[in-house]
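Just the one chain here, laid out as structure tokens, in the form predicted alone.
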């Protein structure tokens, strides 16, 4: 088979959906093709991150400079979520800020140094002692001695956001198809994507395939190190904990937030079983037990709340920064892969990528995020 369209978007997650909305709004015929594994945006836990995550800093110290340089992009990304929520929501979005907790003096010193770096990038952060924490988060465990508050951060319901954005894309005439794209190139003045069931011809291709992007670019002169990182998540039954912030820790892997319906979503980087590209990741009992035990230590009132569901998804790591823009030697192919916290960055990265297709003003300068940095 062979299918033609003005623009083909490869990847149907948050980036692909928002890019398709932007492009279809300009009048271009648009198809989104996705492999259908449901382990990226559809498995996301709904955190809106801005401050540098301690987990990322521990695991990928070589990537921290690129992450730190991207802080203005993160601030702009949550503002873009505000815009989307007003236009297409509600998404259950709340931006009361995020708390990164400390239990020791050393952890507090780490947060103070980190906050100074973030403040220089115009991130709205403040160090709070225990007395100040008690004013806004009295539900924290007694061992917490202080925290960094990032007022830019928040949370949302990704299921609601994904559904409403898909509905808007469909309303604009975007078509959705399932296929595994195995190669992409340019031929005879067209961008061509070869899939398992179809060959797709387009004037432009937006490549928003997250961890699958690197392999598709290898034949185009780019060595983009997209790596799948399988991670674990949980959700509890509704409870009356009244947790108003996104919660993280200065030295432990966790994110914790309460949805508007009272459920508590617990995640933050505990590992899941890698089942390769053919299947979604598998959950680990050790991650389930360790993740929820840490959550109960930080917020004791949820210690007896039941976990209703546990699942795993895939995060994508590259080099600490997003990648947005045309492939140097194949200008009809535009890359759109967010850096760490890809769901947070997704809509803004999507709009940046779409601007290369539509010719509209870029919502954020993409110059520093060009895929040309991976050329070989």
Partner chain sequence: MTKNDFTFEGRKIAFRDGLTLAAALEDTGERRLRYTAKDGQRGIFCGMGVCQDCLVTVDGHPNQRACMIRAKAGMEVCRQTALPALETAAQPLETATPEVIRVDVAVVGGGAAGLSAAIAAREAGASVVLLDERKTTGGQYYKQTAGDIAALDTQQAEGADLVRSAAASGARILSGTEIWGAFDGPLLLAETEGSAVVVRPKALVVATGAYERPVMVPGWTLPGVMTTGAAQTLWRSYRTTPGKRVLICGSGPLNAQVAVELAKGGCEIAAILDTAPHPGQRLGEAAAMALADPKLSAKGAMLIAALRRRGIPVRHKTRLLRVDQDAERLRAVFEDARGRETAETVDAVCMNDGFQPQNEILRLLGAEMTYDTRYGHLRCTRDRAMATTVPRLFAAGDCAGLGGAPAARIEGTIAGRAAAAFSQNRQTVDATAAENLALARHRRFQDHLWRVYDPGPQDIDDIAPGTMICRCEEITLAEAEDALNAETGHLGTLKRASRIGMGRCQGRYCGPVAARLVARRTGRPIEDFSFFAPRIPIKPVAISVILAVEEVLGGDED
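Note that the structure is predicted; figures quoted are calculated from it, not measured. Positions refer to the first chain, counted from 1.
The form predicted together with its partner chain exists for this protein as well; it is not shown, and the discussion that follows is about that form.
- A heavy atom within 4.5 Å of its partner chain in the predicted complex is found for one listed residue only; from 271, 244, 89, 72, this is 271.
- Residue 266 is the only one of 147, 209, 161, 266 with a heavy atom lying within 4.5 Å of its partner chain in the predicted complex.
- Among heavy atoms of residue 189, none comes within 4.5 Å of its partner chain in the predicted complex.
- The shortest heavy atom separation between residue 183 and its partner chain in the predicted complex exceeds 4.5 Å.
- Among residues of the shown chain, residue 59 is one whose heavy atoms approach its partner chain to within 4.5 Å in the predicted complex.
- Not displayed here, its partner chain is kept clear of residue 199 by more than 4.5 Å at the level of heavy atoms in the predicted complex.
- Judged by heavy atoms within 4.5 Å of its partner chain in the predicted complex, the contact stretch among the candidates 332 to 340, 62 to 70, 346 to 354, 310 to 318 is 310 to 318.
- Contact residues in stretch 288 to 312 (any heavy atom within 4.5 Å of its partner chain, taken in the predicted complex) are 288, 289, 290, 292, 293, 296, 297, 300, 301, 302, 303, 304, 305, 306, 307, 308, 309, 310, 311.
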